[in-house]
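For reference, the chain that follows is the form predicted on its own, supplied as structure tokens.
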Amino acid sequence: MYDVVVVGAGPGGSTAARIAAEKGLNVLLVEKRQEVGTPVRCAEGVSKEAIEKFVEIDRKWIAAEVTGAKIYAPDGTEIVMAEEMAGNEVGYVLERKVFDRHLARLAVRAGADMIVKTTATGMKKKENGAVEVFLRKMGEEFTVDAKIVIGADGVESRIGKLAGIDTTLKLGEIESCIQYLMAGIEFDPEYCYFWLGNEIAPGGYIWLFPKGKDAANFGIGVLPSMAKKKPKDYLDDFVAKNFGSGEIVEVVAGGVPVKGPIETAVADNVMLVGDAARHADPITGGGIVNAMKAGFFAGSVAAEAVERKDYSARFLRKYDELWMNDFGKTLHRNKILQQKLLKMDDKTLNKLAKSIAGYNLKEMSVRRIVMELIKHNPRLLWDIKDLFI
């Protein structure tokens, strides 16, 4: 009998396992892959301030440190954002392969058991109020009992489905993404780059996150409901036109949920964190910090539930309240903003960019840039002003 079984050893799952173990719970952390941190399906950018709240910084899992971001409108108009205030969207570019393993090790050091290459295949409620979790490791079937299961098993979460939590994604609520690790390209390593436009990345954007002086994560996210071709074709066209001399040394692909906040991320005995709970930002697609926050909240609520011997959805909704009152508000706000941006053509995007081009925005956040846009384009954005001011 475990107090908590955490399924998925990404940033959210490992954080949940560590917090629960630190609070004295008997924890099992399960990872379906043979090694934690691979494949990397992430641009790997995080806020300095946010990440430092959850883990002591170790330079071995930081690939680059950036001081700003440059955003390009469809016509090439440049917006510069400088990192001089709190609340930044970027700051560190991680080595997720190293970072994720570090977080998993912290969970183990806190007392959690861990098994890899193990898949959760089912759950069954028991008469004693716990659940039986069905696992498969290299063809071998076995079970463990748990008072609480924390599903951190990604966008295709099996735990969420088994628990009956509604995390349904419509065609316009998931970004289809592909990313290259490229070497031998020229850019300013002090900046992250973002390119917008319905012709180059319909419903999303192209990004470049430095991973050294001449290497970077180069990726794209598009909405399949708006795209006329595959994400790879869009990215290849852009790379050939702008960074043709570079070499691709790694390729990853996947989906990012941009649904916005779901109604609940809990059921009896179950809590979901990270992509499993649709915690990725609808505008940026970023989810590392939100997943770690959710993991912290889930681990803490699990400890309270075990102490009270109450594993009901009614009690676990305290977890919902915590994440909803934290980053859930931002998810809601940015979902509304995303829906508004999707209705804009490239001509409108160019107009917005020109209105604030030349201003050195001293904070790298969605909120800061939207506030400036509202100030310079009140008629166009007046209906969303109350969300950001």
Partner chain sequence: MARRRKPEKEKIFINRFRCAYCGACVAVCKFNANELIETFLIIDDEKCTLCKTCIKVCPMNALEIKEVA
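Positions refer to the first chain, counted from 1. Because the structure is predicted, anything quoted here is derived from the model rather than measured.
This next part talks about the form predicted in complex with the partner chain, which is not shown.
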Mark residue 123 yes when one of its heavy atoms lies within 4.5 Å of a heavy atom of the partner chain in the predicted bound form, and no otherwise.
-> no
Residue 279 near the partner chain in the predicted bound form, any heavy atom under 4.5 Å?
-> no
Examine residue 248 and determine whether its closest non-hydrogen atom to the partner chain in the predicted bound form is within 4.5 angstroms.
-> no
Any of the heavy atoms of residue 155 lying within 4.5 Å of the partner chain in the predicted bound form?
-> yes
Decide yes or no: are 39, 171 and 232 jointly within 4.5 Å of the partner chain in the predicted bound form, with each residue judged by its heavy atoms?
-> yes
Selected contact from 260, 189, 197, 224, since only one has a non-hydrogen atom within 4.5 angstroms of the partner chain in the predicted bound form = 224
Of 117, 228, 314, 105, the one that lies within 4.5 Å of the partner chain in the predicted bound form (heavy atoms) = 117
Exactly one stretch in 209-217, 239-247, 71-79, 155-163 has heavy atoms within 4.5 Å of the partner chain in the predicted bound form; which is it?
-> 155-163
Across 6-35, which residues bring a heavy atom to within 4.5 Å of the partner chain in the predicted bound form?
-> 32, 33, 34
